[in-house]
Each structure stands twice: as structure tokens, then as C-alpha cells.
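The form predicted on its own is given below as one chain in C-alpha cells.
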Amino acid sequence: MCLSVPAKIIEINNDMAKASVGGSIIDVGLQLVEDVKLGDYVLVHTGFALEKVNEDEAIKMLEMIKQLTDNPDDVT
């Protein structure tokens, strides 16, 4: 099973970006998506942006991930 995580693009340098995920800054490859701009949210897996997502969906996903990590004993 694979998990991609929403990340907000905060810096772009050619086909690489810096993105914010839960307060951490990560390097993200942009080779697989088109037309990414500062402030966009992308789904990141293994260091690559797989697709752009709208901000509302990204925030919902991040909240779900936070709930899982706040209650690790509730996950089956």
C-alpha cells in the first residue's frame, strides 16, 4: 500500500521545489506534474509530486492524517 501526502509548494527552482508538510520542509520533484505554482498543493510520494490538489481537499487529507497519528491505537 502506498500513501501520498499533501504538501504546499513554498519555493520552485526549475523542476524541483521545496514544500511544507506538517511544519517540515521537504524537497519535491516536479517532473510528473505541469503548471505548479507557489502556494499550490500537490500530492507527494517518494519525493515526487504526483498531482495537484485543491487547497480544501489538501487540508481535509492533512486533518485525516493528523487524526490517525493522534490516535494510533484506533487504527486496525
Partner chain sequence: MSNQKILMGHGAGGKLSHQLIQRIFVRHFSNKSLSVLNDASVIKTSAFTAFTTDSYVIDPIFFPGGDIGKLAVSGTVNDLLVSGAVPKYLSAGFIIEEGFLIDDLVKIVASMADEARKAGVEIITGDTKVVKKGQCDKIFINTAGIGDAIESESKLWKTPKLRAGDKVIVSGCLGDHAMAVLSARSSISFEREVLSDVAPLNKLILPLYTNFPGKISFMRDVTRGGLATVLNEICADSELGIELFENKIPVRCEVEGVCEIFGYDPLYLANEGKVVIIVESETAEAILEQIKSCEFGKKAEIVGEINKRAPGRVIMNSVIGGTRIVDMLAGEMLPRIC
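All of these numbers come straight from a predicted model, not from anything done at the bench. Residue numbers count along the first chain shown, from 1.
From this point on, the text means the form predicted together with the partner chain, which you will not see here.
Novice: Hey, in the predicted bound form, does L38 get a heavy atom within 4.5 angstroms of the partner chain?
Specialist: Because no heavy atom of L38 falls inside 4.5 Å of the partner chain in the predicted bound form, the answer is no.
Novice: Determine whether any heavy atom of I12 comes within 4.5 Å of a heavy atom of the partner chain in the predicted bound form, and answer yes or no.
Specialist: Output for I12 is no: heavy atoms all beyond 4.5 Å of the partner chain.
Novice: Residue by residue through 9 to 23, tell me which have a non-hydrogen atom within 4.5 angstroms of the partner chain in the predicted bound form.
Specialist: If the 4.5 Å heavy-atom criterion is applied to the partner chain in the predicted bound form, 9 to 23 yields I10, S20, V21, G22, G23.
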